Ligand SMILES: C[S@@+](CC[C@H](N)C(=O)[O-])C[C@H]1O[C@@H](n2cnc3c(N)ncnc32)[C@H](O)[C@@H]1O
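We begin with a single chain expressed as structure tokens, specifically the form predicted on its own.
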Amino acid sequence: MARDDRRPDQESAARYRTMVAKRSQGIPSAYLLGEREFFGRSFVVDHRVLVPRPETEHLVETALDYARPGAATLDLGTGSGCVGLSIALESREAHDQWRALRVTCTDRSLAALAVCRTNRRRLGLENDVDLICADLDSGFDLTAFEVIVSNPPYVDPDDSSLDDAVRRYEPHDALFPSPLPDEDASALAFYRRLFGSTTNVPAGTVVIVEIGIGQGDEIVEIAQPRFDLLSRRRDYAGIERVLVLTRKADAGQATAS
């Protein structure tokens, strides 16, 4: 309609009709186009990773608020890398190269990490961001990071309000928590694992997590008594979406210091 003076060639018209048919089946448009904008930049996305959401941009903003220049920063469960790579780029633009945040992106899915690697290359961050395939703290030392950021799987598998297209086409490992054997299978399972794995991080370590609707108070309770709540942040719809917590100085840490 915008270019009614031009007629598409047969190949383009056929490709367009195929995409419309797939979209009518519920396949996310970002998967059909192969990209989605996040924090003002284009990220490659496909069925291996979640489609980046606008509310997740608050994780980037919050990390930049709390991380001092040069701080070692971890994006835990990076998926497409939209959070960790955006943090690295924003930090590099705000500071000189030597004072920018040092970012590491991890994911337990090699397939997801391959997408992140593609985005890292496209954004020119191959020398600035490390990639590690790991589940939580397996294979690397969490105590090496001053800021830990995560948009974890927090959707209840029994949530009837979840869009059917999301349930059908986006990766379940990134949507629904996968509890360890004999642990709860609730939407909060990942947070229990996360805060159980961060008990040895130094006092002052900041943990920033995205949360689901109405989960805030329960997650704060899970994090206590080892973590203090620093702040809560709401998304563009006014829904509480991000929690910021910091590791307390316990008796042993206080004595060591």
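All residue numbers are counted from 1 along the displayed sequence. All of these numbers come straight from a predicted model, not from anything done at the bench.
The protein also exists as the form predicted in complex with the ligand; that form is not presented, and the subsequent description refers to it.
- Note on the partner interface in the predicted bound form: the residue among 131, 174, 125, 142 having a heavy atom within 4.5 angstroms of the ligand is 174.
- Proximity to the ligand in the predicted bound form, defined as a heavy atom within 4.5 Å, singles out one entry of 119, 151, 91, 73, which is 151.
- Put simply, residue 190 is close to the ligand in the predicted bound form: some heavy atom of it is within 4.5 Å.
- Under a 4.5 angstroms non-hydrogen atom cutoff, the ligand in the predicted bound form has residue 108 among its neighbouring residues.
- Put simply, residue 163 is far from the ligand in the predicted bound form: not one heavy atom of it is within 4.5 Å.
- When contacts are judged by a 4.5 Å heavy atom cut-off, residue 205 does not count as touching the ligand in the predicted bound form.
- Contacts between stretch 34 to 65 and the ligand, counted in the predicted bound form as any heavy atom lying within 4.5 Å, involve 50, 52, 56, listed in sequence order.
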